[in-house]
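Next comes just one chain, in structure tokens: the form predicted alone.
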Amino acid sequence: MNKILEVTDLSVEFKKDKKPFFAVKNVSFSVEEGETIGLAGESGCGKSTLSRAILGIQKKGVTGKINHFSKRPMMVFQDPEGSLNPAKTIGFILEEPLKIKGGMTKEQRKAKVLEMLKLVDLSEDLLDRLPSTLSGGQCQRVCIAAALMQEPKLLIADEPVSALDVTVQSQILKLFEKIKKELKLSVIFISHDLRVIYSLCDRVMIMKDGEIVEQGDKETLYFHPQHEYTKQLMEAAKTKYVKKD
């Protein structure tokens, strides 16, 4: 497999009460083509700061190396309704990334929008509607379609199902499975829910106080964790980490 992303000794330093502290500290990992990596840890541990640094949104205080071996990744955020411009129609929102990219006729852009709607299981009649008229699940599907419009090879999903009810969560997770297979997409899936990560991811990284304290394939990490913090997370999630029969 080919590498999509390589992060080496990445740190992000902020100042709090005029004193420096590391929101991310000496993080190293890589993502392979078609691989889904779960990033887990409690709120405030540095997961979102790490993702912003990878995307290039966070630049101040960043040291280390971030090597992209494909187009820069796109992001799906936690709050689907808040991520969409409330004054614009779904059709405008989905077509806008293609206008920014350029090189396509109006007819080609429309065809691409319809292709993406089909991919995320939304109907064409939503194009003239505003985000406020859609359900949370529909809004998240629109966000996913918009993120995929420029055909990135890596998608970073930051708590993309936490704002949705359990039934809709399941539907969105199945959608992630579908798109990553059809598009051979790599995904960094950020969540505090270890059960969600287990269902979707190939490998898992556990983050605490800005550091990756443990990482590995999900079976090894879930059933044979080595770090005490990982064991505590498993217990809190009521996930068995003892050896399977």
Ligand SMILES: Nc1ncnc2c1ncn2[C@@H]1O[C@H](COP(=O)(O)OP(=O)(O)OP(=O)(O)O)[C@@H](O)[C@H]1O
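This is a predicted model, so every value here is computed, not measured. Throughout, we count residues from 1 along the sequence that is shown.
The following text describes the form predicted in complex with the ligand, which does not appear among the structures shown.
The shortest heavy atom separation between F14 and the ligand in the model of the complex is within 4.5 Å. Contact between K218 and the ligand in the model of the complex is not found at the 4.5 Å heavy atom cutoff.
Although the partner is absent here, K208 sits far enough away that none of its heavy atoms falls within 4.5 Å of the ligand in the model of the complex. The ligand in the model of the complex is not approached by G56, whose heavy atoms all lie more than 4.5 angstroms from it.
This chain is displayed alone, yet in the model of the complex one of V31, I197, V27, C45 has a heavy atom within 4.5 Å of the ligand; that residue is C45. Taking the partner from elsewhere, no residue among T89, L94 and R129 has a non-hydrogen atom within 4.5 angstroms of the ligand in the model of the complex. Residues placing heavy atoms within 4.5 Å of the ligand in the model of the complex fall in a single listed stretch, namely 45 to 53, out of 179 to 187, 45 to 53, 61 to 69, 198 to 206.
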